[in-house]
Structure formats: structure tokens, C-alpha cells
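Here you get one chain, nothing else, as C-alpha cells; it is the form predicted alone.
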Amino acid sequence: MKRVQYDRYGGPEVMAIAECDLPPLRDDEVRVATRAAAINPFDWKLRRGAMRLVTGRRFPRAMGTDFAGIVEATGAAVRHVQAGDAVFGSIDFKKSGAFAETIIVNAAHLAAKPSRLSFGEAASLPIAAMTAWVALLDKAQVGAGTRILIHGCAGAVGAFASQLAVAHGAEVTGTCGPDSIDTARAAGVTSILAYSDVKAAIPGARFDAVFDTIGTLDAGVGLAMLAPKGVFIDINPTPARMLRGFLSRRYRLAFANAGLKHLPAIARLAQEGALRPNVGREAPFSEALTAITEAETGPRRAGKTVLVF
């Protein structure tokens, strides 16, 4: 089968589509015929070597984490899916490999695909929706009446965060660019600020949670907007941000892998229409290298770029 891989850490030029043999299926694994795979910034950050202390230096390495497809076979210990089922999920980033015609994934990393979603839409869910879930429901514990500011409310994570917050009864204020206002309103954001207006909002702000989805909100500004027991949630930590945040004791980090256990709940909300993926472009797998490069280096476009097989 064919997959996208790279033989060293680096930019788009290190990628290639190559033939690869799959290893034998383990008891806790599932083999899936890929129908769609969503491109995330995390994928090219891994290829650039951002996590090389964890991913190591064994090459070639496969690319891609989020996928949707049809189960071909299951390991002896797998009970919740069977051959022929439509599923979606996320491969462990230490292995990656979703940009491939066929993948092998741990059974705990997938769930039944919501029937109302296309394969492309389902593939757009995992990392972004899991990150939003961990941030809002695990870290901030949003509920009815919770006041939350989502910085970057129309991006991949921000849009899901807005939808999750609304679904749980929170009052959502969001920041976005002028071209994303309609997207933010469709996600349920009731009060929208321009990025440049955030500092001006500090004096009257008393948010129970401030969620920075894009890593551009100064931690000090975010903390200044909190109610006495509020929390500032970050998914783009830098040493300086972490130091500033940890000194306050109200700084929280949210990572997608902590949300794997919530995939079935995410699927349920998507089936109910509370979570609505936004696919901006679908590209055939044969054009994967171009699609990944354009998503990485080209102008930002609304919605996810998805490879289809």
C-alpha cells in the first residue's frame, strides 16, 4: 500500500509517497481501509521535528494522525467494532500514518463514525474536537451560565470549542478576524471581538475561563480577564508562557491525546448536530504532497483540508 512518509526531519521537500508493507495485526489493533484523512498543523510540526525527543530518529516515518474509513480486520481482543464498520479516529503521534491507503490503529483510538457525517467530515473531528473537549469540559468544567472567552473562536479548535461550550449552556465571547464573523456566529458565539479589541475588554471582563486556541494571547492579558476562580487554558505553550502561567496557579494546559476516551461522546454530539465539522477542501490522495504543502505554507483557508481515497 502507499503512504506519505519522510526520511529526515524538515520542510515539505522531505515528503514522498512511497510503498510500505503493514505489520501483522496485534490483538488490540484494527486494520482500516482509509477513506479520508484530515491535515492538521500538528502533522507538519511532527515532520519538522518539533517532538523529535519523543519520535526519535528512525526513518522513514509516516505522516498523518486523523482519519476515517472502513474496518477490514480486527485483533482477537477487539469487541466494539468489526469488519465492515465505518469508523473514525486518531493514530498515536509517535507512529502516525493516517496519510495512507490502509492503516493499523489501536482499537482505543477509534470510534464508530457518525452516520450523518461524510468520511471527510468525520476525519476532521478527532484532534480538534478532543483538544476542545479537554480544554472546556475537563480543565474549565464549563456548564450552564459559565462565561468563557475563546481566542480564535472560528479556527478548527476554536469552532469546536464554541460549539461544545454552547451545547453545555455556556455564554461564549470569541475573538476572530473580520472574514470569520459569520463562522463564529454559526458556531453560537454571541459576543464577537476583533483581535485588537481584547485588551480594551479587560476592565469589565470576568470570565470563568479564557481559552487561547492560537497561542497569540498574552498570558498576562488572559489572566487579567478572569473571575476570581477562573482558569486560563493554553494549547500552544512556550517556556515564557508556561512560566508566567504557572506563577499564577490558574494556568492549564490541554492536549488532544487526553481526550481519546471522549471519542464516543464526540461522535454522539456530532450525530446530534451539536458538533459540526467544516471541510474547506478535499484533495485526492494522489495530490497529497501538494495539498499538505499548500495547507502548511499557503494562505490560511476556512475549514480543514482533507485527503480522500
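These figures come from a predicted structure and were not determined experimentally. A residue's number is simply how far along the shown sequence it sits, counting from 1.
Beyond what is shown, the protein has a form predicted in complex with a small molecule; the following relates to that form.
K.L.:
Counting only non-hydrogen atoms and a 4.5 angstroms cut-off, does residue 162 reach the small molecule in the model of the complex?
P.N.:
Heavy-atom contact with the small molecule at 4.5 Å: absent for residue 162.
K.L.:
Wondering, does residue 255 line up within 4.5 Å of the small molecule in the model of the complex on heavy atoms?
P.N.:
Yes, residue 255 is a contact residue.
K.L.:
So in the model of the complex, does residue 225 come within 4.5 Å of the small molecule, heavy atom to heavy atom?
P.N.:
Because no heavy atom of residue 225 falls inside 4.5 Å of the small molecule in the model of the complex, the answer is no.
K.L.:
Given that the small molecule is not shown alongside this chain, does residue 167 nevertheless sit within 4.5 Å of it in the model of the complex, heavy atom to heavy atom?
P.N.:
No, no contact at 4.5 Å.
K.L.:
Name the stretch: of 72-80, 104-112, 148-156, 217-225, exactly one has residues whose heavy atoms fall within 4.5 Å of the small molecule in the model of the complex.
P.N.:
Careful reading of the contacts points to 148-156.
K.L.:
Residues 41, 195 and 213 are flagged as a possible site; in the model of the complex, is every one of them within 4.5 Å of the small molecule by some non-hydrogen atom?
P.N.:
Checking in the model of the complex: 41, 195 and 213 are all within 4.5 Å of the small molecule.
K.L.:
Going by heavy atom distances of 4.5 angstroms or less, which of 235, 201, 86, 137 would be at the interface with the small molecule in the model of the complex?
P.N.:
Exactly one residue meets the criterion: 235.
K.L.:
Looking at 276, 268, 261, 45 here, can you tell me which has any non-hydrogen atom within 4.5 angstroms of the small molecule in the model of the complex?
P.N.:
Checked against the cut-off, the match is 45.
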